[in-house]
Ligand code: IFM
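Just the one chain here, laid out as structure tokens, in the form predicted alone.
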Amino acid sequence: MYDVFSLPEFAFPKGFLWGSATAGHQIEGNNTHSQCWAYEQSNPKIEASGMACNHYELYKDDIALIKELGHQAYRMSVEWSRIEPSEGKFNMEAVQHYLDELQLLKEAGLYVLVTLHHGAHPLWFEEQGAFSQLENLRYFERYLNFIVPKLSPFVDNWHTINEPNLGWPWSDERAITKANYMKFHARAYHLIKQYSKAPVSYSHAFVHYMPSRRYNPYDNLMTNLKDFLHHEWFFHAIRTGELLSLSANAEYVGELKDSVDYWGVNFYTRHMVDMRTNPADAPRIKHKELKMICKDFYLEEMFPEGLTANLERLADRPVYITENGCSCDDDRFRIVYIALHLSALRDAIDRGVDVRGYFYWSLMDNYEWESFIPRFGLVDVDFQTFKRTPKPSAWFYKDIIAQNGYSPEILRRYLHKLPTLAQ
């Protein structure tokens, strides 16, 4: 049990960066030339993104809101499918839109992190095989050579690809795609460096895997395998340039070695692993389950100590938390989640990890790839009127930013008793 009211005061290092994160397809709306849009239209079992948050039209209001909430930094993506909707044909109106948005962010005094690929890409690229075909690297290079020099005057930090490490079960085909992701990343890293002095990384989805039966050798074996394939495989590749394989000889890619200037970490929760199930997923421990939305969704547990443990593995270079957040209908859970995870983050710093910034996911409620039900936002969005309303957690986070740390006094301004799911 966590008693958040007993959490002691803690502060972050001077110059620590505070912000929030979004992704274009999830907030902009009408990303009609993307493979995600095509998938949504062809699958009647899921909600389509539609207008999403209508951020493409309301970006000026949203930048003003970011500033009002005290954020110092903002992570966003530019949508390749808007910029190059047809192969080799660039949309200068979309380019100018992003330039206007970035300029306004800088005029607002914000540190800007731009993600170049966050889940969505042009449908024509998908039809060519996307990242599963290494020959498609030429398309990514052409796009980056076009867009990066235009954006670079406004960008303080770059991410090449968001969460290339996700995906299970493992297969030879998936292994090839993962290896290609890292080759695309490496090429993008060096290409960006031709146009920009800003740091470059990718966003790593750092799930904490734990065996369902702690001392069962088979659950431990599968846990270690999942951890290796989703995490250590990527860290090893970045640190050494070596792409390991379960079914072929290792491959050395020279330009991959040291192709991050820091580790970009997305962290939410832990997953339990059971060797006897397919795909090796175990149910959560009953007393840890938190069904905080009216939908079966994987973020049903708070495990902040997993953040500390995982970050200890990344002490070889600086770290930014580029996503961390809570999906809940009752905003009080989000306040608890933020407080606990910032405490875990402070513990990681005390253990020697050079953590330099934190981006909460997400600035606003958004389209969560197949549904609008999961609500991660600090800001409520009415998806009919697009009205934005900051939640108590937004003001809680603003006070933390202003103090560069946490105190019980801040907590008690916004939380008066522990939240419960009991009716």
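Just so it is clear, the structure is predicted and the values come from calculations on it, not from any experiment. When you see a residue number, it is the position in the sequence shown, counting from 1.
Heads up, the form predicted in complex with this ligand isn't pictured, but that's what we're talking about next.
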Heavy atom of Ser34 within 4.5 Å of this ligand in the model of the complex: no
This ligand contact in the model of the complex: Gln26, any heavy atom under 4.5 Å: yes
Heavy atom of Glu368 within 4.5 Å of this ligand in the model of the complex: yes
Tyr268: touches this ligand in the model of the complex, heavy atom cutoff 4.5 angstroms: yes
Stretch from 223-231, 82-90, 186-194, 157-165 whose residues place a heavy atom within 4.5 Å of this ligand in the model of the complex: 157-165
Proximity to this ligand in the model of the complex, single hit among His71, Lys178, His118, His341 (heavy atom within 4.5 Å): His118
Residues within 4.5 Å of this ligand in the model of the complex, restricted to 311-348 and counted by heavy atom: Glu323
